[in-house]
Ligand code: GTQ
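We begin with a single chain expressed as structure tokens, specifically the form predicted on its own.
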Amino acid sequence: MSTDPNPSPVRLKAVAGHGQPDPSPELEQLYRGFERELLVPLWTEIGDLMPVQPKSKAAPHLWRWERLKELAAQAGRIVPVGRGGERRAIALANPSLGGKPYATPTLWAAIQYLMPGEDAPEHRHTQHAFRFVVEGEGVWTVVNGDPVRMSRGDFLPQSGWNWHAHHNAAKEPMAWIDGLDIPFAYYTESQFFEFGRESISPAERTTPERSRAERLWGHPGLRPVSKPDATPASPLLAYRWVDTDRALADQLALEEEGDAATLSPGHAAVRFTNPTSGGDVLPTIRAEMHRVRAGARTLTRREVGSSVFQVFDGSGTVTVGERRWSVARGDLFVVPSWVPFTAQAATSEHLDLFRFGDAPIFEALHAQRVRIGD
């Protein structure tokens, strides 16, 4: 007999069909017994639990950057930043995930907006995070006391359980996107959160051109001998656009010279990596930048796990499953698990796409699968 005083059994129904037992009074009696003991037989659920291929609960969806900025600016005039609310961050809510503030079942994405002179208070959490700047200057994120400049095109990872705050030293508001593994941490019931100091020190409100982390780790192909051990997340707190841009341009230039340096004709891509290991920058998040030459098209790709893309520059069209959109600078869109994705750059300009996804989770579980081609 069940010891739960308020059981919520799944209602089982005998249905004739392939692989199903024939309906009978005995079968109905068996199913009622299952219900009383909170049991569910596999034969009634196998189609949902073990489909022939992934069926994501998320839907392909597009958010327009100009509209997001308008609403964030309105929030900037109305909603304060301070202890309790912590951040003026507005999450993308996938229309197929029941109103949850999730871009995909594992990924959280938001536009964050900081007014001139404002400070976002210090805190830490076990969720892994990053910031990506599509436009603007003047905000510094302070990670464990290290002020890190945020500028257009910069990718700034920050692994879980590190103290962090932000301050806007400019005379204009600034917006950027945040990415975190909040849904994954929520589902696995692994979250911790802690408030930090009420205000950061004057020394941490400085605005250095390069952070301490960059001075130690920001030298391509070099690592300090004093730090011999690999770390699970990148200790480099800023990956600068000038380096990313040069890497993408060099790939396309080499392709023009006859070197097969790109993923496909006209499609260059780089991955942000942990300088201590060569692996992903964060244990649960993979981040990349893609450049599609003007007029070029990527190969169609589908993979286990979901991704969020932001158009960094240029324009073109993207096709996600049965949805097709024209996109421009700043627009964000979701590619759910095992949904085919293709990007086409406009004929007049190349298309730069920032992408983050949950591939490290599935690779660690040996559940990653990729299919490329139309």
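Residue positions are given as counts along the sequence shown, with the first one as 1. Values in this document were obtained by computation on a predicted structure and should not be read as measured data.
Same protein, other form: the form predicted together with 2,5-dihydroxybenzoic acid (GTQ), not shown, and the subject of what follows.
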> in the model of the complex, does F132 have a heavy atom within 4.5 Å of 2,5-dihydroxybenzoic acid (GTQ)?
Replying inline: no
> How about E288: is it within 4.5 Å of 2,5-dihydroxybenzoic acid (GTQ) in the model of the complex, going by heavy atoms?
Replying inline: no
>> Taking any heavy atom pair closer than or equal to 4.5 Å as contact, tell me whether H164 reaches 2,5-dihydroxybenzoic acid (GTQ) in the model of the complex.
In response: yes
> Would E118 show up as a contact with 2,5-dihydroxybenzoic acid (GTQ) in the model of the complex if we use heavy atoms at 4.5 Å?
Replying inline: no
> Can you pick the stretch from 294-302, 105-113, 262-270, 229-237 whose heavy atoms fall within 4.5 Å of 2,5-dihydroxybenzoic acid (GTQ) in the model of the complex?
Replying inline: 105-113
> Which of L282, A175, L180, L92 has a heavy atom within 4.5 Å of 2,5-dihydroxybenzoic acid (GTQ) in the model of the complex?
Replying inline: L180
> Heavy atom within 4.5 Å of 2,5-dihydroxybenzoic acid (GTQ) in the model of the complex: which residues of 120-144 qualify?
Replying inline: H123, H125, R131
